[in-house]
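Here you get one chain, nothing else, as structure tokens; it is the form predicted alone.
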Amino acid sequence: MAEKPTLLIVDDEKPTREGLRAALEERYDVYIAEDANAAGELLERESFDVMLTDFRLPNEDGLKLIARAKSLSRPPICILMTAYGSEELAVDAMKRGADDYIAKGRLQIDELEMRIARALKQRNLEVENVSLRQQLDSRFGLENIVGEAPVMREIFEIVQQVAPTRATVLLTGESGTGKEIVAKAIHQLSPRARQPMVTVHCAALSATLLESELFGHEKGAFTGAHERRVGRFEQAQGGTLFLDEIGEIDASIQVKLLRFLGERTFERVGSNKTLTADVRLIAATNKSLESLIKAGTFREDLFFRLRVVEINLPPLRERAGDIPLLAQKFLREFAQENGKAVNDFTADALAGLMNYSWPGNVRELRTAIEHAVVLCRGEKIAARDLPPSVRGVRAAEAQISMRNDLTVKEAEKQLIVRALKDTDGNRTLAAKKIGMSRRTFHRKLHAYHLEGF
């Protein structure tokens, strides 16, 4: 049986508080207090779902008691009762944090129960929304963009600055560097987060299909158009439209996209009716749009419209110091997903990860760790568990040589020592060599007791 909600009744008139307890104790776990001091002691010891308090109390009035209750880490729903009702008092009660207000002279138990139940339901919805938002933030927010390299720190700052604005963003970088994850983070950290984010992979569609996909079409607009179709711009109303591989779009669609960015208007295919959409546009490309402009396949005016803010995502080989962080993140994800008790890497596996060039970038690393988790036969991923392409670098050819019995932290310490030796103790160059920020590098020097190196 589910636990009853807890209810604190505060009233200096014994008949009132005892009568309310008798009426409500079937549905609630009821506590009573005769004044504000007694109520304060109960609030410090117990966690209440609802507090029902009189306005006129010994020691202090009900509004001050509500203010105390609302300062708690888990405040109760607060309902104020008074025989001295007035509109001014009701307004003041709400300002002080009261969730509801009821006059004693018109107090009906059925109405009181309805108000308590309604307030509890509203709070439960708010708690669920906070939980859902936290899950979304964890999945799509900055928490999902892992990195301590200086270039990643800069990207985090830009994302936080640009997210609350309406600016169009162009994401550039090699395939697999995480452009879609950054697009989701921008959306999730923006005022549009509660509205849809719609993604279109432009390279996957022909020019005709892409035009219909983006702008929609009317029934009979072309062969096979048996009914009206709402396009992605309309679907993303109030939210964000993410156009991946923007360099692949046809010249005719570039013109329509340019118009939308200038006027926020468009027409469905087969219609003369002009529509508007409040949509924030984020585009991504793994190609050089400047080269496409020179080749005559991409409009320069569209390029400048798209590149209000440009964020370039570096390839993984340029931030090798982030590989252990990313590998650990993916290890936790896939160990949980596959129900496996894998919790670390052997040093030879870490060396293999660090020495591989990762042409497929973060996406390839993620797939490699999933492969390793699935094939792992112990608690630590060994080199033999990695994909053949990754473990193909022989130990004799590796830039990092480590004992196989080292932990990841010990291996990281050796990595830092090796970088310091290679740069004659120059901490700035050593941090740059392994893709760490100076701040992170100095923190790790302290953690590994290497300050005197």
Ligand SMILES: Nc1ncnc2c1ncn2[C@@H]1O[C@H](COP(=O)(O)OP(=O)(O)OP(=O)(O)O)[C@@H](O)[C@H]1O
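Just count from 1 along the sequence shown to find any residue number. If you're wondering where the values come from, they're calculated on a predicted model, not measured in any experiment.
Another form, the form predicted in complex with the ligand, is not on view; read the next lines as being about it.
The unique member of 244, 344, 213, 234 whose heavy atoms fall within 4.5 Å of the ligand in the predicted complex: By the 4.5 Å criterion, the partner-contacting residue is 244.
Looking at 101, 330, 260, 303, which has any heavy atom no more than 4.5 Å from the ligand in the predicted complex? Exactly one listed residue reaches within 4.5 Å, namely 330.
Every residue in 146, 177 and 363 with a non-hydrogen atom within 4.5 Å of the ligand in the predicted complex? Yes, the whole candidate spot contacts the ligand.
Pick the stretch from 266 to 274, 159 to 167, 73 to 81, 146 to 154 whose residues have a heavy atom within 4.5 Å of the ligand in the predicted complex. Partner-contacting stretch among the options: 146 to 154.
Exercise: residue 355 in contact with the ligand in the predicted complex, heavy atom 4.5 Å: Answer no; every heavy atom of residue 355 is more than 4.5 Å from the ligand in the predicted complex.
Find out whether any non-hydrogen atom of residue 286 is located within 4.5 angstroms of the ligand in the predicted complex, and reply yes or no. Residue-level check for residue 286: yes, a contact with the ligand.
Please determine whether residue 326 contacts the ligand in the predicted complex, using a 4.5 Å cut-off between heavy atoms. Residue 326: contacts the ligand in the predicted complex.
Residue 197: touches the ligand in the predicted complex, heavy atom cutoff 4.5 angstroms: Contact check for residue 197: no, nothing within 4.5 Å of the ligand in the predicted complex.
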